[in-house]
Ligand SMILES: NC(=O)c1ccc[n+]([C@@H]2O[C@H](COP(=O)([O-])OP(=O)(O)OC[C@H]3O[C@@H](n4cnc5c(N)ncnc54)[C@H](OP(=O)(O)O)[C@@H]3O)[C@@H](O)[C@H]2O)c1
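Just the one chain here, the form predicted alone, laid out as structure tokens.
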Amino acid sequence: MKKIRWGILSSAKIGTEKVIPAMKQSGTGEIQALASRSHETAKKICGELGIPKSYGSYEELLADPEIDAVYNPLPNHLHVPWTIEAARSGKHVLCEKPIALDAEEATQLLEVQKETGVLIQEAFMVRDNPQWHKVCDKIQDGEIGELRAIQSAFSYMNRDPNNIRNMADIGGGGIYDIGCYPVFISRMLFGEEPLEVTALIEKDPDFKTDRLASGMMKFPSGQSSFLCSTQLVPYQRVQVFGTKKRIEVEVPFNAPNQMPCRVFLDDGSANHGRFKLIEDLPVCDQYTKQAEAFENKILSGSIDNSPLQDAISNMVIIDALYRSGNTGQLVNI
């Protein structure tokens, strides 16, 4: 069976520690090359991860005719420029989130996709995790009644001035890095777009990035609120409230790959807060699932604009949250 041959742009930690090892487990793809700004760095990583070819520049990798698709985990400000370069080199592109610094920049990719015919998709691995398929099924089956509200929290502690997440000029900040997940999940679960958003943002006085943000999104069918922070105790959780039951997702975003994911269902009858366990879902790596889903789209010829349109829609909401946080005003979408 034909396999999709991958090239990796950069030696970013998210790629070398999580995504690349998971992608190597895919049955429909294989990693053939990695490029870094330093050939020595690329050779070292390729040796450690068992990748056949190393390149000392991104241009060299994109010129390789044996590469079908590219994974782009570069810093946020380089997502669009190098995705465009890769697409015009005839490579399909799986680009890390956020796909751009704003919706206007992301929209450039639509013309490039039309021009090149390749698949361009944002790397929201949660969309391919079975735990979220389970949650979506419960909502669509009416088990929780009517979905009315979602509450999310995602935080970690990072005060490293050399970390790209703390560099405002290249797209650092909490909403870009982790607030994008509650936005994506809320849109996915409601199956509709927000009508208006509002946000409170606290900026780090040294980094000038948003280190604490609270956002609210009004949907036609309900509401979603979230907290995200780059300078709080590490934590993540999602609560999904229906008119009959509540779903709690234990590890919603950085789901474990060495133990089952757990999703709880609560009908509110026990006010001491105990849950009925829906089930322990099969152990899987959501980054492997993401790679396989992307590869199968290419292999089956299922290439259209919908993944990119979805990424742009997510950026529209992120833009609006930043605008609200910076102005103190409610923003209509």
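Residue numbers run from 1 along the displayed sequence. This is a predicted model, so every value here is computed, not measured.
The form predicted together with the named molecule exists for this protein as well; it is not shown, and the discussion that follows is about that form.
The stretch in contact with the named molecule in the predicted bound form, judged by heavy atoms within 4.5 Å, is 160 to 168, chosen from 211 to 219, 101 to 109, 140 to 148, 160 to 168. Taken together, the three residues Ser10, Leu74 and Tyr181 all lie with some non-hydrogen atom within 4.5 angstroms of the named molecule in the predicted bound form. Residue in contact with the named molecule in the predicted bound form (any heavy atom within 4.5 Å), chosen from Ile247, Ala123, Val118, Ile84: Ala123. Among Leu78, Leu200, Val251, Cys136, the residue placing a heavy atom within 4.5 Å of the named molecule in the predicted bound form is Leu78. Within 4.5 Å of some heavy atom of the named molecule in the predicted bound form lies at least one heavy atom of Asp177. In the predicted bound form, the named molecule lies within 4.5 Å of some heavy atom of Ser36.
Glu96 belongs to the set of residues with a heavy atom inside 4.5 Å of the named molecule in the predicted bound form.
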